[in-house]
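Only one chain is shown below, in structure tokens, and it's the form predicted on its own.
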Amino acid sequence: MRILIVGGGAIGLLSARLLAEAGVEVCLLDQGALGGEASWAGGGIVSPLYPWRYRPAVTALAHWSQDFYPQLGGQLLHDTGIDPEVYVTGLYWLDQEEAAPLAWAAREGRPMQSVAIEAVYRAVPALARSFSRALHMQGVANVRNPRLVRALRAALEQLPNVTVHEQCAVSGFIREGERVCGVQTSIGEMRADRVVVAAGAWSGELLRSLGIALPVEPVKGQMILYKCAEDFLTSIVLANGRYAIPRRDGHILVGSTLEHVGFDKTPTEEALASLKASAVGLLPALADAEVVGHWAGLRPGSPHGIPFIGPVPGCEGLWLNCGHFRNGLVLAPASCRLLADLLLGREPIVDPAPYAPQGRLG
């Protein structure tokens, strides 16, 4: 079987790896550079920001992925020599209403607890002294997403049954009756037994050419990056929808905005000022730190953040793995494993029904 995957972000890369390791011939296409869009731009927290606000379909994928990420990081380091830096720091939610989160954690068996604010200040000395209460969940990690993308790419390069085409824009699909059997690209036609759309924020645009209304749209997010001492921040901290994420080498990511502006990825001065204010509100010492990076990316927004995973009804041979909204990196291991299970006829890791395109497309 030959499978063509449109989109070379974390979802496309990991889908390609899992399918190729199962012996499938895989061709991976991207309109730009592999992993150059949302997978590169995101923060890499291996948890939804407010996990208790999501539906069970997102929770199921998140829990599977969270438990698998350390193994994935170790596998990629062993296979490629590139460390994605799955960094377990835990996460503090500051001045967060506690009843709903704690009830969710008890129901789901996740290690969240209320913590006295004095204990938080001892654990995170850089934190602003303006908070009154906190929730903490140990075991929450962040992954250094640009390195994850590099490692996944390197892993694919070791597999003889994978072909990669970058700077290869897809303009439409090849159909034979009701069957999709390939794509039209900027370098010519490409055919396959199955076509998987994993094109992030661009997935809806691609399916429009088939007359399919896929409710996936771009949602812009801007981030800033500081460089501090390696021990400046030891945990992820989150307040009022903004977060600070520590990397092992002292880089601190602060994000992010939520903007509905189409496919515009231009960083703005307004967002820079807002993110700086949030950064200083969380960690006052950042007022004297230099911003060493500021960028924007496009999330694939979808209803309730539930991804579309599975075959497209009425278009035999066409499959989806897209629409992960803010949680693409969080959900990638489980989403791609589920896609591979379904494509290969294996027992799926979770109930596939909530993610099925059937009944969710216009």
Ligand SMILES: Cc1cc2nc3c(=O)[nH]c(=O)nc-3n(C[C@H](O)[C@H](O)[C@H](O)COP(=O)(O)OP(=O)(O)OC[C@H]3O[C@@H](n4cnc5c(N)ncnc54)[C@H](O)[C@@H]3O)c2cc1C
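Residue indices: 1-based, along the sequence shown. Since the model is a prediction, treat every value here as computed from it, not as a measurement.
As for the form predicted together with the named molecule, it is not shown, yet the points below apply to it.
- Taken together, Cys168, Gly297 and Phe325 are fully in contact with the named molecule in the model of the complex: each brings a heavy atom within 4.5 Å.
- Of the candidate stretches 99-107, 286-294, 112-120, 202-210, only 202-210 contains residues with a heavy atom within 4.5 Å of the named molecule in the model of the complex.
- Between the named molecule and the residues Pro303, Pro56, Gly314, Gly32, the one pair within 4.5 Å by heavy atoms in the model of the complex involves Gly32.
- Taking Ala239, Met223, Val86, Val140 one by one, only a single residue has any non-hydrogen atom within 4.5 Å of the named molecule in the model of the complex, and it is Met223.
- Although the partner is absent from this view, Gly43 contacts the named molecule in the model of the complex, with a non-hydrogen atom inside 4.5 angstroms.
- Residue contact check for Ala38: one or more of its heavy atoms lie within 4.5 Å of the named molecule in the model of the complex.
- At the 4.5 Å threshold, heavy atoms of Tyr243 reach the named molecule in the model of the complex.
- Heavy atoms of Val6 reach within 4.5 Å of the named molecule in the model of the complex, making it an interface residue.
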